[in-house]
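Consider the single chain below, provided in structure tokens and representing the form predicted on its own.
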Amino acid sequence: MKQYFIATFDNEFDLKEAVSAYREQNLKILDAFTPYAVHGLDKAMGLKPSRLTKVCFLFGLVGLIFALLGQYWTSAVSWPINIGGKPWNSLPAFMPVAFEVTILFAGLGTVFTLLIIARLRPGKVPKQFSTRVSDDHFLIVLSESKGILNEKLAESISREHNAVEWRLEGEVK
């Protein structure tokens, strides 16, 4: 079983300062839990920008191509009907449907990709480190790096940055 060091803070400012201090000491930050979005916490934790924007763009592009090719095939190849002398492959007439299919593919593709990457599935029970984190507390969870968790160092940094409480959870392997 893994060991986790959990530090609880009263405000976001102490949390961000503590995160920076933990990173300076090369302690592995598993995650930070906050009741609301904290500006700058992602930079303090050293998180990379999300790649979901690229995934969204790719799914949207697939949706656009699918919609345009599907409409072209339907109107010009499979069932060509000359209505009012208009061409069979009229691109402006395809745009409303193509736009809607693009948005549909981009939205659904991004959501399903997020669910797969985050390993969220029906019935999964998440590990809850504290019941008050969604109410009024800020939490940092440190995990062991290479099988080692420097509890004394983490405790001194927590004390330095006004942690309300800290504890070690889990057992040594």
Partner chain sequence: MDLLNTTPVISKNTKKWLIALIGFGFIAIASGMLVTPERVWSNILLNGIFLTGLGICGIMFVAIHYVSSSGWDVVIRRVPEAMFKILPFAFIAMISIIFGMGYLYEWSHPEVMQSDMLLKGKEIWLNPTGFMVRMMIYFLFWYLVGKRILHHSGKQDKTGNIRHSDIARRWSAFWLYIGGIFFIGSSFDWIMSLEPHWYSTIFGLYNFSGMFTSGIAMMIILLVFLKKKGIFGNVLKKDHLYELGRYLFSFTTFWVYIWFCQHMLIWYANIPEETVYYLKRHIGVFGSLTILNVCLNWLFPFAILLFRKTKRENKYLVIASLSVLAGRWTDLYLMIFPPNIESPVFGILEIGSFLAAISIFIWIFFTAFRKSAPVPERDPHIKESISLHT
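The model shown is predicted, which means the values in this text are computed figures rather than measured ones. Positions refer to the first chain, counted from 1.
The form predicted together with its partner chain is left out here; the points below concern that form.
Contact test in the model of the complex: K43 vs its partner chain, heavy atoms, 4.5 Å: K43 belongs to the contact set for its partner chain.
Looking at the partner-bound form in the model of the complex, is A93 within 4.5 Å of its partner chain by any heavy atom? Within the cut-off, so yes.
F99: touches its partner chain in the model of the complex, heavy atom cutoff 4.5 angstroms: Contact check for F99: yes, within 4.5 Å of its partner chain in the model of the complex.
Looking in the model of the complex, any heavy atom of K146 within 4.5 Å of its partner chain? No.
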